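Let's start with one chain on its own, the form predicted on its own, as structure tokens.
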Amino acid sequence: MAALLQVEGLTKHFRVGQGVILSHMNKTVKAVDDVSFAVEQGETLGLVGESGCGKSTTGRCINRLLEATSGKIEFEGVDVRRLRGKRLRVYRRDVQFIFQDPYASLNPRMTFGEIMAEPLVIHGFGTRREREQRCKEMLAVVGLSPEHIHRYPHEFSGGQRQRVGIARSLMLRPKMIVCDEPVSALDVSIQAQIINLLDELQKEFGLTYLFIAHDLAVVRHICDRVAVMYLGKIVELGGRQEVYSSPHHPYTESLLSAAPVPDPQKQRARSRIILRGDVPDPMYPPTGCRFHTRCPIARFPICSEEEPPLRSVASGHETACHFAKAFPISAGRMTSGDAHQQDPFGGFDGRPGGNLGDFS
């Protein structure tokens, strides 16, 4: 079965610098660099990573809110980047977007009813009375009162505003929704309600989600597969259970070690992997593997000179790491104190590359 969304070699670079006159001084930020993945009909693909890794930019390129620099985006076999005019409007009707900030994404001068009816007006659906009735029905679907259509965004909480944002994305009955960190700006108690709502709506309307987030617990709850991004590239991609129980990339392992466990005894027994240094400047990404400057198992010169391809390490599980198969998943997590005493490759003749391979 063909994928609903197929992304191949997606790249988005931003030009920054002194402007046109001194164009030779302009620099390029490589926000997304050669990203490929597929999303099947009815599934939820989680896109995770730390801030600045390119998650949101990827989502906005897919929705054509940003124009990709290069690469292919196919939706139901159609090249999205070639769409213009009416065909582009049809695509945007089928692929909707839920924004991170529920207040900034809603016009404060418009009532909820006007906000929700706007997609119907743009695409020419129904009369004014029919649109108002549709808004009331959709408010009820997301757990709000139909009478709220006459209220303004500032009169409601963040969770209620996000419900309106979700309702707006459903007005045109889309096939897929790009969720750009839809719960990160909400209280924890409200996050659970919104996540459960999205889960219910997916079953009711047969939706497909690209779920962008940095909260690993949220992703584990709602996603079927997970793609981990670092500095504009996908470093690991696989089923939720496989990625969480058997990560094959050291960056994924460090992310999972940072996620707290709601059991004090288990939390104390865990070892936290602390990476040295900061994420490199995306204008000057490292050569070879982009993670090698912080990787605890980097080996030189291969990691600093050769970029690892995203290769299969198990059925449906891919990792961009030269030593993915040898990574000690079941041997327990290394701590900052024993990072150099353990040889994760079982006798491999090599050593961590000085500060580039150390833990802090």
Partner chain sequence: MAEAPEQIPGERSARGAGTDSSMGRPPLSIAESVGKGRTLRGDAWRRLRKNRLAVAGLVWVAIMVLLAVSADLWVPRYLGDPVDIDTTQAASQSLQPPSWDHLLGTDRMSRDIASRIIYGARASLLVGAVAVGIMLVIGLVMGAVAAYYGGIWDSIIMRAADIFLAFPYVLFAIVLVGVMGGGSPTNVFLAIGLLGWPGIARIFRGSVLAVRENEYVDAARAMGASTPRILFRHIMPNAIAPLVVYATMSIGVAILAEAALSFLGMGVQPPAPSWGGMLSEARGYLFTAPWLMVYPGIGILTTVLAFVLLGDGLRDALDVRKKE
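Positions refer to the first chain, counted from 1. In this text, all values refer to a predicted model and were calculated from it rather than measured experimentally.
This next part talks about the form predicted together with its partner chain, which is not shown.
Stretch in contact in the model of the complex with its partner chain, which is absent here, among 73-81, 149-157, 231-239, 282-290 (heavy atoms within 4.5 Å): That would be 149-157.
Heavy atom of each of 99, 118 and 144 within 4.5 Å of its partner chain in the model of the complex: The answer is yes: all three residues contact the partner (heavy atom, 4.5 Å cut-off).
Distance check, residue 105 to its partner chain in the model of the complex, heavy atom within 4.5 Å: Although its partner chain is absent here, residue 105 would touch it in the model of the complex, with heavy atoms inside 4.5 Å.
Its partner chain contact at residue 224 in the model of the complex, heavy atom, 4.5 Å: No - in the model of the complex, heavy atoms of residue 224 and its partner chain never come within 4.5 Å of each other.
Heavy atom of residue 60 within 4.5 Å of its partner chain in the model of the complex: Residue 60: contacts its partner chain in the model of the complex.
4.5 angstroms heavy atom contact with its partner chain in the model of the complex for residue 271: Looking in the model of the complex, residue contacts with its partner chain do not include residue 271, since no heavy atom lies within 4.5 Å.
Any residue of 122-140 that, in the model of the complex, places a heavy atom within 4.5 Å of its partner chain: Those in contact are 122, 123, 124, 125, 126, 127, 130, 131, 134, 137, 140.
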